[in-house]
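A lone chain, given as structure tokens: the form predicted on its own.
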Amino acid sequence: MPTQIGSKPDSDIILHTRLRTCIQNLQVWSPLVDPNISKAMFESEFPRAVLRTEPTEVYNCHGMVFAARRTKIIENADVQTILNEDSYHEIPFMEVLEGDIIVYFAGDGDAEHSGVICRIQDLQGVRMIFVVSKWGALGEYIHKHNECPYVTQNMKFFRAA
């Protein structure tokens, strides 16, 4: 499976759920082509988002959340497997705590994006939830849960048991 791209060969790591289901993954070590094009677009569209890390192709959003920033989790179905087999349960918006996760589901039910809740503010009865998530090949951004370049109509919050 590994192929030589850039200075290091692409690779995968051993990644299993608690129930020992193997999760497909890929570490991409190739240099980014030109992240500044997308970065400029995202930053103009989401000016309140705060860049937390520089761009990398080594991991994606799901790899950040479920694999400690070590790899890309390739298959959307694997995210559902992780949620099921690692004892995550859905929680209501008003019960979300820092450290919980958010998963953004596309219209077809695929897990399109994920992030970690990093801050919660309650201002005059309005609850604001902030997330750290990795935006494609770009870096990690801190943003409001409903202000990101992914579909926000079908998001769900989860906590591991």
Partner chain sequence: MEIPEKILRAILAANTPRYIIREFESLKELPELYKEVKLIDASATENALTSLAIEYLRIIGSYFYDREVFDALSKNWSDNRHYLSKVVSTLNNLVRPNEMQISINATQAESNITVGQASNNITVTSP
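Fair warning: this is a prediction, and the values are worked out from it, not measured in the lab. Residue numbers count along the first chain shown, from 1.
What comes next is about the form predicted together with the partner chain, which is not displayed.
Not one of T53, V103 and E147 comes within 4.5 Å of the partner chain in the predicted bound form, counting any heavy atom. When you look in the predicted bound form, the only residue of I129, A67, A111, A49 with a non-hydrogen atom within 4.5 Å of the partner chain is A111. Contact annotation for V28: at least one heavy atom lies within 4.5 Å of the partner chain in the predicted bound form. Heavy atoms of E75 reach within 4.5 Å of the partner chain in the predicted bound form, making it an interface residue. Mapping the unseen interface onto this chain, L15 falls outside it, with no heavy atom inside 4.5 Å of the partner chain in the predicted bound form. Although the partner is absent here, E45 lies within 4.5 Å of the partner chain in the predicted bound form, judged by heavy atoms. In the predicted bound form, the residues of 136-158 lying within 4.5 Å of the partner chain by at least one heavy atom are, in order, G136, A137, L138, P149, Y150.
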